[in-house]
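Same chain, two forms, each on its own as structure tokens: structure 1, then structure 2.
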Structure 1
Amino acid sequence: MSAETYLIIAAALLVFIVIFQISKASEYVSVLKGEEKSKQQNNRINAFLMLGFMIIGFIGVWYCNHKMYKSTLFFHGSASVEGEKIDEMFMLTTAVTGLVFIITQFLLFFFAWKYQAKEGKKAFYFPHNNKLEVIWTVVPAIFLAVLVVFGLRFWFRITSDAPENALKVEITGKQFGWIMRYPGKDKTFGKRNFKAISDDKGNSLGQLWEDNAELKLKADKANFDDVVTTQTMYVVKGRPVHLIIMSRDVIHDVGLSHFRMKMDAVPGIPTTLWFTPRYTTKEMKEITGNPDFVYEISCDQMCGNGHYSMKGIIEVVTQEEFDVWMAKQKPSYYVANPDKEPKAPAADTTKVPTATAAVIKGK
């Protein structure tokens, strides 16, 4: 820990010791002055302590926000276009609830000081007030309803149909990692079935590569050009990404904090969301000033003993870089069955290039 942290801890301990000593001193005073006078003195001390706690608390909240804001994800803004709207919703919610927090906390501690028990002061009995009940029920209900409407609006947007030019990526969670699948040249994902899953045979997603009469499974040719990768997802800057989210075992959750997105991965129930990256990974390294920056895929749902290690990476690249990367990928069918991969046609040695023929003729 830093010296500043040690100083804060020491100051907190010192404040605790001071309060403890004051309380012990008040006990001794009560013995000397009598119980009634001691009670009034204690009330006065406690009232001022409450007022002091409120002031120190507000200063602490401001200081922590001022000190730590640059370390939060909000300092650099959302890395997705849709996430900007979610940030706006978050800031609106923070503004409304923050204002309520300040008002209620001020009244709580101020009233404890102002209405402390004193000699000759009688408490006012206030049993019920219909108007007050309606105000503090209806007003919060209206504000909360508005916030819920904003939330639903953004939720329906990112879970609705993605734009036609969206890059489709299927992401499947398993204990404890991520599997990504891209459609091949046919732009269609092949069918899959959990009964066909076999890590030993290189079929981690249960793609239907061949007929299986015993399991009553029929092959789907659309699988033959699908590309499967693990842990790292490649997407394109400025191009919508349509995620089809699944799970191979228990409930996981695709957490994309930099893009302000998250969605549960539920066994047997595909879920979807889409977003548009704003910056490439390279650009984000420059924006954050962190040469080791990566877009992280976290599992935001406790899924077992290895939950902490379930981390993936998103590489945001340009369309040209993505095309080059995709051209280097081999369909998962041929990765698992290299003997079935079509062989490249042999070079025709009977045809001599023009330049070479000219050299030969010259000889």
Structure 2
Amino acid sequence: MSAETYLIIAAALLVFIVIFQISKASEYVSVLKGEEKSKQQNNRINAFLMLGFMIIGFIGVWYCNHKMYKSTLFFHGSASVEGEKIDEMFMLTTAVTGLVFIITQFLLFFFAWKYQAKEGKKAFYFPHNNKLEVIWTVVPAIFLAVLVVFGLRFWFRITSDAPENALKVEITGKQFGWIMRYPGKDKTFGKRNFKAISDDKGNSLGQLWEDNAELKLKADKANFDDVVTTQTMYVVKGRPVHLIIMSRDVIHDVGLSHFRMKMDAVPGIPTTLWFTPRYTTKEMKEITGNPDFVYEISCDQMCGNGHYSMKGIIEVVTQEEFDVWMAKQKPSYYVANPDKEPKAPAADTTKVPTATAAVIKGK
């Protein structure tokens, strides 16, 4: 241990001893002064501190909001159309609970101060009052009913079926990264099976490319045009995105805080989620004033020691940009099996995108 460490420990000990000695002394003093008297003094001091705590506390709440509101996502609004409803719900809930918070905390500390024990004062015998109790059963119930009704309306809207024109993307979590798949021209995802997964053969999702008698698996031709990428997902501004969420190993979670969305990735049980991006990544850089802004996919479900590094990116682009990008992608089947690729007539093969590398090594 360094000298500095010892110094810190010594200082902490010293503070301890000082506090303890003062406390011990104060007990002797209270005996000398008469216990009643010192009790009264303690009572006055603490009652005053209760009031002080409340006032400083409210100022602190305001100050914290003042300092930190800008760094919450509400400041720039939701990046998805559906998320706006969530923000609205949030503000409504904040208004209701905020009011309750201020009233109840005020009453608590104000009463504590106001009704501190005083000599000769008698407490008011008040064991119950049915009218009051009915009021504070019914009023909260009404407020909560309102919150439930609004909440469920938004909830059902968010979790309803995705629109027909939605861009379908499959996202699969694994320790510790994300694999995206687009259905290709046939707009159908080919069947996959976890037993066919082989990172070595470039089949990170277990797409059924060929028959396998041993595993009793049949090839699915819909696979041949599926595009597989890793880490970065391209989606289109203004067009709903329909995510089909899977996991290869343990439970992960697709956390999309800017879009106010989140859904677990559970092995063996596909889940879904859809949202409509409002701004492209480029626009968002301007809105936030942060030139490094990116939409991040954070894994929000504890998935192992690399959990904190399980990051994906969503690039929101215009339809044109998306089409250009998509045109450059090569289906994973051909990436893994270059010999099977039909010879395209004089296609521009000089710019083979690198993003299609289907194999990523774990961190």
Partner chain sequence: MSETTHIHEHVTSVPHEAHHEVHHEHHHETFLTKYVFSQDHKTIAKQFLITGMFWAVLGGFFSVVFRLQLGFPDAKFPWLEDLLGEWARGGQLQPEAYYALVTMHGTVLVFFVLTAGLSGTFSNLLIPLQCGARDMASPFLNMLSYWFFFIASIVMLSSLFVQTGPFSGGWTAYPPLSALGQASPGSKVGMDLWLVSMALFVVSALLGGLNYIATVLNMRTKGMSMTRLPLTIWAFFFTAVLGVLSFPVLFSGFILLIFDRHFGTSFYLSDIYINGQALPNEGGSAILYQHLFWFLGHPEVYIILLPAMGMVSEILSVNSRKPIFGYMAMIGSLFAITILAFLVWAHHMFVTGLNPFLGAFFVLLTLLIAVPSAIKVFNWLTTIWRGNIRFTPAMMFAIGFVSLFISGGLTGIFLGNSALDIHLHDTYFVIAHFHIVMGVASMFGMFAGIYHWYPKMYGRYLNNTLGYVHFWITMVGAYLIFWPMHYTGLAGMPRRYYDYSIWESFKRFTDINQFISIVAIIVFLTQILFIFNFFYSIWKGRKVTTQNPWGANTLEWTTPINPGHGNWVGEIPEVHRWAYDYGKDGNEFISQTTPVGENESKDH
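All values reported here derive from a predicted model rather than from experimental measurement. For residue numbers, the reference is structure 1: its sequence is counted from 1. What we label the rigid core is the largest C-alpha set whose atoms superpose within 1.5 Å from one form to the other.
> Give me a 1 or a 2 for the form predicted together with the partner chain.
The chain shown as structure 2 is the form predicted together with the partner chain.
> On a core-based superposition, does Lys185 travel 2 Å or more at its Cα between the two structures?
No, the C-alpha moves less than 2 Å.
> Once the core is aligned, does Phe156 move its Cα by at least 2 Å between the two structures?
It does, since the Phe156 C-alpha is displaced 2 Å or more between the two structures after the core fit.
> Core-aligned, does Ile197 move its Cα 2 Å or more between the two structures?
Where the cores coincide, Ile197 shows only a C-alpha shift between the two structures that is less than 2 Å.
> With the two forms matched on the core, what distance in Å separates the two CA positions of Tyr125 between the two structures?
Residue shift at the C-alpha: 4.3 Å.
> Following alignment on the rigid core, what Cα displacement (Å) is computed for Phe16 between the two structures?
Between its two positions, the C-alpha of Phe16 lies 13.1 Å apart after core fitting.
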